[in-house]
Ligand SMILES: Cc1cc2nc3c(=O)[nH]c(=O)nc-3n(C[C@H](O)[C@H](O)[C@H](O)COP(=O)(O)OP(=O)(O)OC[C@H]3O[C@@H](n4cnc5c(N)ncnc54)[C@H](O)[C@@H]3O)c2cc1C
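A single chain, nothing else alongside it, follows as structure tokens in the form predicted alone.
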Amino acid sequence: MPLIAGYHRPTDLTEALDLLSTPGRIALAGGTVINADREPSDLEVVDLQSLNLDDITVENGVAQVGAMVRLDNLAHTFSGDLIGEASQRELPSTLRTLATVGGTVGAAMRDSLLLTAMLASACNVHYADGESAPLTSAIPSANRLITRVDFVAHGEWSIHSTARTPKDTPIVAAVGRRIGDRLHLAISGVADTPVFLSDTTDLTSLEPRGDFRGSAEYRLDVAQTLVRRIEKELA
């Protein structure tokens, strides 16, 4: 990322939204993807650290998590649950102390295991304008400020993945959580963002981008195998 030209640190949501309404400004959450170089730019960042968006509450098995909660905190709070396991495996430990829940949702990286786990956990995304949307239909936007996410944090779950080494980011990962009498499934590595598998989703219709870690054909074949494993395990 080019050298940042301006820095703002609002103390309430109204001020933050006003700052972000100006073109050329982006929200700064954990800052894990910012790499200042020597190239000049007009880019300005709006730091969200002072907005008090770092609370976690759990009631009746449903978690409400502020957008600025760090992944390391998420991993410890939900240790033993799907979300905790996915958070622990999302990034190296040094970055988990910086990266945030809101940043993970906003970035929507195709290989994000945490985002995949959130999709399988009936996640809803809440915005500063008072609106909310299921994560399955939420569209990341640099100009739409995420304030919190809600997700189911109980029930049987499973993760199956394939990677070059156990510590590597999965090439393809499938995640499942049983919520009531329904199995919720999501998969990463087969599209530009992780995909929630509805009853009508046809894996063979997806068109993943192949790379040095695996061709499109390989990714689709592995995805089908991993999904079958989870379906059998959580049947």
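Keep in mind that this is a model prediction, so the values were computed, not measured. In this text, residue numbers run from 1 along the sequence as written.
Missing here is the form predicted in complex with the ligand; even so, the following discussion is about that form.
Screening 75 to 83, 95 to 103, 153 to 161, 129 to 137 for residues having heavy atoms within 4.5 Å of the ligand in the predicted complex returns a single hit, 95 to 103. Contact annotation for residue 171: none of its heavy atoms lies within 4.5 Å of the ligand in the predicted complex.
Taking the partner from elsewhere, residue 31 is found to have a heavy atom lying within 4.5 Å of the ligand in the predicted complex. Looking at residue 175, you'd find every heavy atom of it more than 4.5 angstroms from the ligand in the predicted complex. Residue contact with the ligand in the predicted complex: residue 122 places no heavy atom within 4.5 Å of it. For the residues 191, 26, 56, 179, the 4.5 Å heavy atom test against the ligand in the predicted complex is passed only by 26.
Of all the residues from 45 to 60, the single one having a non-hydrogen atom no more than 4.5 Å from the ligand in the predicted complex is 48.
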